[in-house]
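In structure tokens, the next block holds one chain alone, the form predicted on its own.
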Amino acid sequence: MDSIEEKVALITGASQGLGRVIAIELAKAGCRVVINYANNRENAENVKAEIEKLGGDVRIARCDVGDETAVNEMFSGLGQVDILVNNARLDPWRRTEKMSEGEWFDQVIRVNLKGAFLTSGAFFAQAKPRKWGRIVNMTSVRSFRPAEMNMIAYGVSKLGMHALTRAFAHNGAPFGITANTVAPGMIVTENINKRLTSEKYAEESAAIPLGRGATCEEIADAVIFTLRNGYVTGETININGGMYYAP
């Protein structure tokens, strides 16, 4: 197993939710963490303070990952980055009534898929000379299951990230760069009550063979596995309580 101690890990969308916990767990594992956020500086500072309290090495990088110029400037300013976790996404439950179907689709693809493409490309270019790098794309069980009408854009964006994983795994192999996908099912984050009523949460849980959503720490554990195991690349780690059984 490869050591990830002292490796620089950039986690996009790390100011809250799953990204926050991944950042904290990577700091506990000895990584030097970079918290990316797009809008909420206060949340990012709170995560930074949590990691510093644990004695971790942490920085903050504000960047809209769907903006190519901003992404390139972020990587130029960070210097060496060894690990990239593409976690940034538009929350599918936060769509406003004013958005048309086309506007929503464009926004979701821009952040979830284009953002992961841009950050992976910038990461790849600076990792190649060092002959070591790790990319993890956070997708969803919704990559594989038929989507409700309001979730189509989200499902398409997450399925597209699997193609990114395979492409960067193939092109990265000669340079010691691996790329993998972690595809969670329902995750219990601090914001889940803003998305689901208690009745809806019970309904969603009942559809999961294990009968509950995942903790963020359980998902972060799968991420860390793909970072430490240098012989895993181009793969999808399905961690969804049995909602989807991959062949």
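No experiment lies behind these values; they were computed from the predicted model shown. Residues carry their position along the shown sequence, with the first being 1.
We do not show the form predicted together with a small molecule, though everything after this point is about it.
Colleague: Counting only heavy atoms and a 4.5 Å cutoff, which of 123-131, 96-104, 163-171, 138-146 contacts the small molecule in the predicted complex?
Modeller: Answer to the contact question: 138-146.
Colleague: Quick one: does Gly56 come within 4.5 Å of the small molecule in the predicted complex, counting heavy atoms only?
Modeller: Outside the cut-off, so no.
Colleague: Please tell me whether any heavy atom belonging to Ala88 falls inside 4.5 Å of a heavy atom of the small molecule, as the geometry stands in the predicted complex.
Modeller: Ala88 belongs to the contact set for the small molecule.
Colleague: With the partner left out of view, is Asn180 within 4.5 angstroms of the small molecule in the predicted complex by any non-hydrogen atom?
Modeller: No - in the predicted complex, heavy atoms of Asn180 and the small molecule never come within 4.5 Å of each other.
Colleague: Closest heavy atom of Leu10 to the small molecule in the predicted complex, within 4.5 Å or not?
Modeller: Leu10: no contact with the small molecule in the predicted complex.
Colleague: Is it true that Ala27, Arg32 and Phe75 each have at least one non-hydrogen atom within 4.5 Å of the small molecule in the predicted complex?
Modeller: No residue of the spot touches the small molecule in the predicted complex.
Colleague: Counting any non-hydrogen atom inside 4.5 Å, which residue from Ser205, Asn46, Thr215, Asn191 sits next to the small molecule in the predicted complex?
Modeller: Looking at the other structure, the residue within range turns out to be Asn191.
Colleague: Going by heavy atom distances of 4.5 angstroms or less, which of Ala153, Val111, Leu118, Val81 would be at the interface with the small molecule in the predicted complex?
Modeller: Here the answer is residue option Val111.
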